[in-house]
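Only one chain is given next, in structure tokens, and it is the form predicted on its own.
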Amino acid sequence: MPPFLQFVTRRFLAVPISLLVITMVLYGGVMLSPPEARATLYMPDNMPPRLTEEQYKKIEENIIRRYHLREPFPVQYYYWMKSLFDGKWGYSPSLNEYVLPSLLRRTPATLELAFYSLLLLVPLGLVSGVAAGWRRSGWFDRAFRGLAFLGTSTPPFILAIILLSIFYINRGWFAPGRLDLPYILEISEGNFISYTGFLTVDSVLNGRTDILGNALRHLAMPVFTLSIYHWATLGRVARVSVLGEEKKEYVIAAKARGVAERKVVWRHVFRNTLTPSLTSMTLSATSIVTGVFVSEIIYDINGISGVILEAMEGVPDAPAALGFAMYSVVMVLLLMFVLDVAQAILDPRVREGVLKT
């Protein structure tokens, strides 16, 4: 088998193995809660107002038996894994519905925020990092390093609070949420067709540039908050890669032949910075997928973070919490697989059989 196919096969087989190990650990954590505590989530709403202790215990035991809450770990884990393949992922009392449909309904809002964050940070991080590294110690490099330091040292939730204070509370420019209230009401009345769940895309397909502008304005602050840290990290990696490339023979030879500096940087040096930068992009992409929930909560974006918020109110809702964790793990593993394959395509060592991992 060619080295490239070996690489892809190994990465693909690692996905279900990683998923099995992670889910076993997650479910083991849930089982630390006593069965009686988990049974309270499934208590019916229409229970009689006055119950004797014996009646309550009987209802509790019926729930524990029905949902296998007192069974050994392998049995409970089996029933939970079985629920993953029925398209529902178990019933969540806190959500009052099955977990997977609730997650899928909220997914477009989360993916839209993550997509635009990646769309902003990847080209901006690469271009600014390469430009700063090539003009080392110049004014642009000094400005880049200063902004990158601020970006990596400011926690996202602190940055979000600062941005909300300045641009929403004081100026009223960028409101939280996904849309202004009049547009929300218009969409809820059924006059707006949802094709993808991405408000920016659906507004174009519906011919509503006013909704497009409003959706982009609401995305501005959460996208900036989510992107700034990863932009700084990716830019620093690209800058260091350029510093390592500028002393190599092919750069010196190109300059000696009179090749324009712009062409040397963007046609040759830039390509060679992609491989090390892609590792940083992989980490950034996975961090955004798992860290998008902080921005969703602060900026009131009704994404999948709402599932875990509702699941953690009162007694922890095991089906919702596990479904949320499972959903996040699947998204991260698939994203890492795709980015690993992209790295294998870009790295000639894989195609030539040098890379054997």
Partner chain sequence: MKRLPPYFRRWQNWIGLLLVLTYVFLAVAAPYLSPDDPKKPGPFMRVGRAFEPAPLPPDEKAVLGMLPLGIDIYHALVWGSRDALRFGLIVTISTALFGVIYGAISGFTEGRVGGLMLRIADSFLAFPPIAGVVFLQQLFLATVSALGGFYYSGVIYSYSDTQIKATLIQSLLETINPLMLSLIVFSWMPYARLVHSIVITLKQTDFIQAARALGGSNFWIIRKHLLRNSTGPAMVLAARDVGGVVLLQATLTFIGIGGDSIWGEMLALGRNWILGPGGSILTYWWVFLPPTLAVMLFGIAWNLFGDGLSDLFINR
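Residue numbers count along the first chain shown, from 1. What we label the rigid core is the largest C-alpha set whose atoms superpose within 1.5 Å from one form to the other. Since this is a predicted model, take the numbers as computed values, not measurements.
The form predicted in complex with the partner chain exists for this protein as well; it is not shown, and the discussion that follows is about that form.
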{"item": "Contact check for N62, L185 and E189 against the partner chain in the predicted bound form, heavy atom at 4.5 Å", "value": "no"}
{"item": "Segment assignment from 69-77, 239-247, 100-108, 283-291: heavy atom within 4.5 Å of the partner chain in the predicted bound form", "value": "283-291"}
{"item": "Residue contact check: V264 to the partner chain in the predicted bound form, 4.5 Å heavy atom", "value": "no"}
{"item": "Non-hydrogen atom contact S33 with the partner chain in the predicted bound form at 4.5 angstroms", "value": "yes"}
{"item": "4.5 Å heavy atom contact, I297 and the partner chain in the predicted bound form", "value": "yes"}
{"item": "In the predicted bound form, S194 touching the partner chain (heavy atom, 4.5 Å)", "value": "no"}
{"item": "Selected contact from I161, I252, L120, A143, since only one has a non-hydrogen atom within 4.5 angstroms of the partner chain in the predicted bound form", "value": "I161"}
{"item": "Sequence-ordered residues of 139-157 touching the partner chain in the predicted bound form, heavy atom within 4.5 Å", "value": "F149, S153, T154, P155, F157"}
{"item": "Threshold 2 Å Cα movement between the shown form and the other one at Y327, rigid core reference", "value": "no"}
{"item": "Post core alignment: E60 C-alpha displaced by 2 Å or more between the shown form and the other one", "value": "yes"}
{"item": "Yes/no, W80 Cα shift of 2 Å or more between the shown form and the other one with rigid core fixed", "value": "yes"}
{"item": "Inter-Cα distance between R70 and E97 in the predicted bound form, nearer or further [3 Å or more]", "value": "farther"}
{"item": "Pairwise C-alpha change, H218 versus L283, in the predicted bound form against this form - closer or farther, 3 angstroms or more", "value": "farther"}
